[in-house]
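Here you'll find one protein chain in two forms, each presented separately as structure tokens under the names structure 1 and structure 2.
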Structure 1
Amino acid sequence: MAFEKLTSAQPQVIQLLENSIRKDRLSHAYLFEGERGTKKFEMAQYLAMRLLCTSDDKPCGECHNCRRIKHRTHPNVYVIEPIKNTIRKQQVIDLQMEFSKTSVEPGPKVYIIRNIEKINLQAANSLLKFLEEPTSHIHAILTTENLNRLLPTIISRSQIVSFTSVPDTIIKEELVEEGYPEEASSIVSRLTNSTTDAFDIASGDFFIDVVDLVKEIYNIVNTQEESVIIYFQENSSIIYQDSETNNLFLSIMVLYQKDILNYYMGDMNHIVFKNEMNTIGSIAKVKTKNRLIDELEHMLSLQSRMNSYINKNLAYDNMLLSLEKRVSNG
């Protein structure tokens, strides 16, 4: 199956498109709407292949047509992307010219406009006329990450298809397939709903270091063999690289903390740091549920206000101090 990942990421969209074709109810204009990394463009290409594939099992992804669509060389499939953050009138005119040329092959024609919210007014006007007069074999697929910023006239002329964020299980699978370790894949899959972002995070320079830092912090919290604050001061320089790493650190702290809470609740299935089960378990034993929730919420609020903190060190010290506390000593 060439499109297994696409199908498992957006089963509803596949069902909508497949059944629409089967019932001869394909709309002449679709508006694919959803967050970054929800495979909107892949889906647009899928639909183009579905319409132009020459194999029996459509779309095969391998026939001449499918391959040309994938490599963006098929004359019947025209892709417009913003140039310098704007889609201009000339791009829409070029599209219309291209589709009127004889070089176009017989069969359906598909145009895909990515980030349609970036279209300027003149271009939108030309496009609207094109959308207004649907020709039987021309299909429009517009994609956007921000439905609210679209002209109402564009919205009302197309069928909106909402792309849901990709479930973490699927993101994890994809990372594992790409050769990332199990634990790292689990962690990343809980940090983002976007496949695009997931690969960025997993391949980031400091990802592994930050994960190790978090593990060591909790390890010390558990053994109490040294002061976690002193350890942190000596070993945390990487998280001050940039605000992203800083945020990554807090996000992973949150995950670990959530694991302890999960353990406390007896919810072993949801534990992300499976290799750290011993540490997680023994911390859970010396905390109360409310305590764990408080600590977690403290981290979350720290995360949302991180950029406004002048003294991050102090904020972190406070956080770590509270982690060290146990039921017996308050």
Structure 2
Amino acid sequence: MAFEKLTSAQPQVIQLLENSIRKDRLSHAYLFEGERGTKKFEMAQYLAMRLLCTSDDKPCGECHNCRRIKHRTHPNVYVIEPIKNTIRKQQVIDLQMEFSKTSVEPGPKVYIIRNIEKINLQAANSLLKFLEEPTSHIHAILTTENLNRLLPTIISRSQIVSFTSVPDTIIKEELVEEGYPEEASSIVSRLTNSTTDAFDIASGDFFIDVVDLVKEIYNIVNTQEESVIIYFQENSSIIYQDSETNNLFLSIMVLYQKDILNYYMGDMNHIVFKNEMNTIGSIAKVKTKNRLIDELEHMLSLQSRMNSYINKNLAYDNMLLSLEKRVSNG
């Protein structure tokens, strides 16, 4: 586990947990809440390793205990996940039975329940009895993406720890480390603040095709060697696969348009399509700032209406016609 990235992604959470350990004030139950992909489960594993690591530099991530926690084989760490989208009573009963046994190994015990908002009422009532009778050597870590769906009684018995969106730099680094190209990683990191969603987008069947489509649209806008509308009509079938791919296309168009505007403003650091600098620069030189902003606003407006009942073909034709027009900077 890359603890450096975890520290960069959620520095306030790391600080809170470390201060609690140092002052011997760890809560018996934590409720990690935040949107999908904000490293809540990784942080739960971090805390378990921090408590059970045998190294002087805790957590090391490499000792026997840390490795077993990572691979979910440590007897003192118990993980519950939804089965068919539900956490059931028997799962909580199994947890209670496991933790009622005499410890095979020394040290505290930690149980982690992922997506606690998916617990059914019977299971929640069983869990509440467990939470109401805290034991000094047992720590609960509950994670949720939707705090509003939890029973108030579970919330009131836990210390809430809020997770913020993961910085795009961290998402990009993780994608590059997994072998995704630099440019693709940059694009995805601007599309989502969730590491989980980022990997889903980057590995999607049509992601590269959609990126290539956007690049070619702007290349044609720049060269004017053919009609961008005709090209789009002949090559845009992929974006109609489903609503997600359709939205992905518009989101990437918005990113490219912002790159042109950033180039115009001289802000090269925030350009995502760095391999497209020649095309981006050429377009920026023949359009005014106001024109670029108008085109961007057109895209954003279309993006907000895309899930409504509109004629998508006509809407895209109008958007592309706007891009095709040349305006001198004068």
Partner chain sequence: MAYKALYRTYRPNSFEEIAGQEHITRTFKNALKNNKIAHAYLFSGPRGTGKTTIAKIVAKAVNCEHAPVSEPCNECDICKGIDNNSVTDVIEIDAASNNGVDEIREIRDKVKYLPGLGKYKVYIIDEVHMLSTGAFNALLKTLEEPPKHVIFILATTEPHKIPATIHSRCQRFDFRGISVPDIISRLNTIIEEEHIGIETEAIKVIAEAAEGGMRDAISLLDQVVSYSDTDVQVDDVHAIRGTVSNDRLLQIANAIYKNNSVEAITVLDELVAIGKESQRLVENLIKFYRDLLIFKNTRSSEESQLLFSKPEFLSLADKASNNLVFFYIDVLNKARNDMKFTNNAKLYMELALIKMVDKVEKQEIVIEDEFSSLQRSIKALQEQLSKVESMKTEVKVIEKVVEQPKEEIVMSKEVISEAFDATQSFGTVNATPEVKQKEVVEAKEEQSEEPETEESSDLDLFSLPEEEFEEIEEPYSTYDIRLVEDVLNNGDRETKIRLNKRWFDIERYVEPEDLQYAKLISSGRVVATNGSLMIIEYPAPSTCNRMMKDEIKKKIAKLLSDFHESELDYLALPTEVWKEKSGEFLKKWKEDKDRYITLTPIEHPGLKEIKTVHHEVEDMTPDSVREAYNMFGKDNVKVRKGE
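Keep in mind that what you see is a predicted model, and the values were worked out from it rather than measured. Throughout, residue numbering runs from 1 along the sequence of structure 1.
Of the two forms shown, the one predicted in complex with the partner chain is structure 1, not structure 2. When one rigid part swings against the other between the two structures, the hinge lies at 164 among 264, 164, 88, 236. Put simply, the smaller rigid part swings 12 degrees relative to the larger one between the two structures, by C-alpha superposition.
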